[in-house]
Each structure stands twice: as C-alpha cells, then as structure tokens.
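Next up: just one chain, as structure tokens, the form predicted on its own.
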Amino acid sequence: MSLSHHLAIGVTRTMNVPFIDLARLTKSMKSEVLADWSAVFDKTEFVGGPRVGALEKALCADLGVDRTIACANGTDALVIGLQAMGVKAGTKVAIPNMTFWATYEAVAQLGGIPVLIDIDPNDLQMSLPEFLCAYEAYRFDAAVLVHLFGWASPKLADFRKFCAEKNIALLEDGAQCYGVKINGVPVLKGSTVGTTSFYPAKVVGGCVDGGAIFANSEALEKLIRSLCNHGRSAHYSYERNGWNSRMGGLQAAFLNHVVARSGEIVADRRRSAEWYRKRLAGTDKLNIFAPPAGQDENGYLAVFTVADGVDVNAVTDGLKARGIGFGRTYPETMDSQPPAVDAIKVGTLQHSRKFCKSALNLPLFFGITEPELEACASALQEVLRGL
C-alpha cells in the first residue's frame, strides 16, 4: 500500500479549502464591473482607450512609480522592458536561479545569455554576494532582480547602487510584489525599469492576462510605448521592430476596480500570511519564511519548506487526502530546465536547488476565513506528525 493510502486512512475531512479562490473578490464587484464593461462595449474601447489611461495613472499613484505603460501580459513586460534597456543577442543577463520561467524566457527570447545566480537561503531573493562574484567572473551588462514571494531583498539598495556604478541595466520584476513597502516606501519606487503581471492569481490580478512596465524617464516611457505597439513612431511609421502588446478597455475596466481595492486586498492577505506564521511557529519538521525586517509584505504566498529528510510529496499527499489545497512554488530551478542547458551557471546553486526540493505553500487568498486557515494549519501539523 502506498504512503498516500496510509495517510488517507482514518482521516476526517471536515473542510475542503482550495489553494486559491478568485471568486471571493470577483463576486463582490461583479455588478460594478459589468456596468463598466457595458460602457466599454458601447464605446468599443477594445484596444487602448481612456480606461487604460486611467489605470496607468492609478498604478503610478498606488506603486509610487513615475510612469506606467500597460501591456498584454507580464512576460511581454519583461521582454520589452529588457529590450528598452538594451538587451539584445549576446547580452549577458544575471537572473536568480529560482524564479518563474518567464524571467529566464524573456532573456532567451531576446537572444541574451542568462547568468544563473543562487538565492540567499534566508530571504529567498537573489544573493548579493553571489551576484558580485558573478559580475567579477562574467561581466554581465544587465540583470533582473525578482521580488519574490511578496517581499524583496533587504539588499535592494545595494543592488541598485552597484548596478548604477557599473552601468548594469537593472530591471526589477515585480510580478509578486504589488503593495510591498520597505520602511514605508513602495518597493518599485526608485527603480529604473520595473514590471508587473496581472495574471488573475496575482495579488492584483485581471480577468485575463495583463501586465505593465514602469519607467523612470520620459525617454524610456516613449521607447517602451513604441515597442509595445509594433515599434511605431507615428501612424503607420515605424522606427524599430516592436511587439503587439497592448491592453484593452475590458481588462483595464476590471483592473481599475481591483486597484481601487488594492489596500484592502493586501491588508487581508498580509493578515492571513502572518496568521499562518504565528499559528505554525515551532511546528516540528517545518521551516517558516517571513519578510525581512522593515518590510511590509503583500501576502502573496505562505512560504514553507519541510525539514531535511521529510518527503514533500508525502506531505502534499496527506494534505490532498484531507481536502486541503496546496502549491509548490517553485518545485524546480532554472538550471534544471532543458532549455537552460547553455546558460551560465554560477557556483553550486545549492540553496536554490535545496529550497525547490522542499518548497510548500498553503492556501492564501483574499477572503480566506480564519476557520479555513485553521483547517489548513491543523491538517499540515497532523500530516507532519505522522511522518
């Protein structure tokens, strides 16, 4: 009999909790969104339009950035942001070895050479010492700093300072950091180019794929807008090869309602993330991760790893048997993916590899209730005790 069958024996499933439930938010704003969508249809604002412009202004105000360019998805945001910063075929680009594949993919799509750098085992962000060593060895010209898991590196200022001194084009991937603050300052404030994703499962998510690029100068904004619209310089005039990456009114209308509630959404998710940490503190066979001191997280994920020697698949089998959703963000590193065979791999990459083998996430979404949180925490503890 398999271990999963053993775990299921005698289990009382008192409450099913999904890993994510987007309907907790969408149901609460359905009537307002439908009214807005009706106006979009009446005015045929299907690509661009005033609602996209309103969203861009709202994002600037919410995130403390100078300029916002809405685009079709978060991956496009990375590709176009990197291209605007000069990444092209042969450019070496430093990225963390643990991130979502789009970070790697964006570099590869431009013909760049990814330089894979290990994470700090405590904050799970790209390691600054490894980054500095990699620069000495490979002299990369660009870097992507990914603000993972709902917080950022406590060394963010050091990354920015070093990149400015060495003329390294630094793009900050903010797909997971909407609403994060460092000492009260929005995390992307002060970035040269930043990006975000509005994939529906994000803290601020859309009704379809969507993204945005943030720029700190008028020149960068103009270039990025051109790249998002086929490289256009004027109507049917083109000064560069660009992309078809534009947002329409339906998505913008939806997102304007979500952004208007972003403070409420972030506060709710932040409370749930902290609830898990307090409730599970001291749990045997479990490592709990939290944002660095001085940072306000956004509750994007409840981040855990199981202890050495514990089979994470046995844990997820046990949660599944008890009706508890789970995630494993991320179960594999960049260097383990077949397309990454030719990437430059810096050092041992041991910390990212170890984390990915034992990563575990419990349900965390806007509107999750305390009884649901308790069901998840109790189930996890029960499973761990049985291993």
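Fair warning: this is a prediction, and the values are worked out from it, not measured in the lab. The first residue of the shown sequence is 1; numbering continues from there.
Keep in mind the form predicted together with a small molecule is missing from the figure; the text below concerns it.
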Candidate stretches 278-286, 220-228, 195-203, 247-255 - the one whose heavy atoms come within 4.5 Å of the small molecule in the predicted complex: 195-203
Touches the small molecule in the predicted complex: Ala102 (any heavy atom, 4.5 Å): yes
Partner contact for Asp173 in the predicted complex: the small molecule, 4.5 angstroms, heavy atom: yes
4.5 Å heavy atom contact, Leu78 and the small molecule in the predicted complex: yes
Non-hydrogen atom contact Met126 with the small molecule in the predicted complex at 4.5 angstroms: no
Heavy atom within 4.5 Å of the small molecule in the predicted complex - residue from Val93, Val146, Val303, Ile119: Val146
In the predicted complex, the one of Ser272, Gln295, Asn73, Gln83 near the small molecule [non-hydrogen atom within 4.5 angstroms]: Asn73
